[in-house]
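Let's start with one chain on its own, the form predicted alone, as structure tokens.
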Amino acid sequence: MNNRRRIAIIGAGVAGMALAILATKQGFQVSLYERDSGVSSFGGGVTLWPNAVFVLQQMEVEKEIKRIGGEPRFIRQFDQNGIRQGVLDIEAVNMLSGFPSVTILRRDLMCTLARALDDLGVEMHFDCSMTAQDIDGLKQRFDLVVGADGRMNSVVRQTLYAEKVSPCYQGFINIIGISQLEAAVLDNAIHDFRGAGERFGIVPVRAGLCFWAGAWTAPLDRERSLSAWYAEMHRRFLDWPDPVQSVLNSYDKASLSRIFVHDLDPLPRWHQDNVLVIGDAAHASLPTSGQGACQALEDAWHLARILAGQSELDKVLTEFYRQRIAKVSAAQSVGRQLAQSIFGDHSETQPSVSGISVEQLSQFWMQGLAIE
């Protein structure tokens, strides 16, 4: 595609905004459509591993992300009694990867991307709930229509398949939130507490600020009140170690959210004609993969790069799928395996982060990321 081509992006999440930034920098004319009234601040936080920071550097927002984020040194894994099970040296992974790992509140990440879009003069349209008919109209007006409209209700994904592609509930919920602690409580390390069918993760950002998730096996019950779910969280983790209690005693109530955790089975294709899905709309993984936002950012970088170097659209979209499907499917698989070990058959021995090779982890994260 040459620089006169026009791209419509549906969804102003991480994938959609990142693609809008990168494609605009390549000279494409981009219009971004979002169903909500503004850029979403939903969610607690995001861990941006080195592969994500590589992309953010290409977007020229890495310095700002590092300024407002944190750079944890370790992941420390414990059982529910506080007995250490393992440790992963994040700094060693960063050194091998050539890029840092950054933790950031999701609202801060989204605001940073939105400011970058504004600086580039990208046309953003809010309160635009799309239908299949709307997508058909965009297909006629734009050279490429990209669906970055999320895992749960992607209208663009549904236009690609005659039968509805439904996300898969994986049998557990996350309660997420944001807390302010004394910095010494976490000692700049991610804390991962695991029990049988339960998990509590705490991620430091900066100056004692952290985001966290309490998770456990649960039926998909949307009728139950949020207050009842939050009360159950307090009961379940009442006797867990001090860092968990510190979080539960200090969270911002407005930051709480309950999430029934879904992912997608790998899809046989992501495009048809001039319509494509990326990010969670194409390959949503579980939070246990640690790679949702990272792979969304990689999608944006790869797609913008291929678009700039290839003039025939079908070849662009075919090549994009070829380059991305193995890595995102691996991330999906890893997320499911870890979730099964925690929330599935409790007779299994849960894997320890000490058993992860920093060399293999770095190689996987940085696979396919290079500037030619």
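Here the structure is a predicted model, which is why all the values come from computation and not from measurement. Numbering starts at 1 and runs along the sequence shown.
In what follows, reference is made to the form predicted in complex with a small molecule, a form of this protein that is not presented.
Original post:
Is there a heavy atom of L276 lying 4.5 Å or less from a heavy atom of the small molecule in the predicted bound form?
Top reply: No.
Original post:
Heavy atom to heavy atom, is V155 within 4.5 Å of the small molecule in the predicted bound form?
Top reply: The answer is yes: V155 has a heavy atom within 4.5 Å of the small molecule.
**OP:** Would you please decide whether R269 lies within 4.5 angstroms of the small molecule in the predicted bound form, comparing each non-hydrogen atom pair?
**Re:** No, R269 stays farther than 4.5 Å from the small molecule in the predicted bound form.
Subject >> Touches the small molecule in the predicted bound form: T47 (any heavy atom, 4.5 Å) >> reply: Yes.
Original post:
Out of 331 to 339, 64 to 72, 35 to 43, 310 to 318, where are the residues with a heavy atom within 4.5 Å of the small molecule in the predicted bound form?
Top reply: Residues of 35 to 43 come within 4.5 Å of the partner.
Original post:
Which one, Q133, N249, Q180, S129, lies within 4.5 Å of the small molecule in the predicted bound form by heavy atoms?
Top reply: Going through each option in turn, the one that passes is S129.
Subject >> in the predicted bound form, the residue from P204, P243, G292, P100 that sits within 4.5 Å of the small molecule by heavy atoms >> reply: Contact with the small molecule in the predicted bound form is made by G292 alone.
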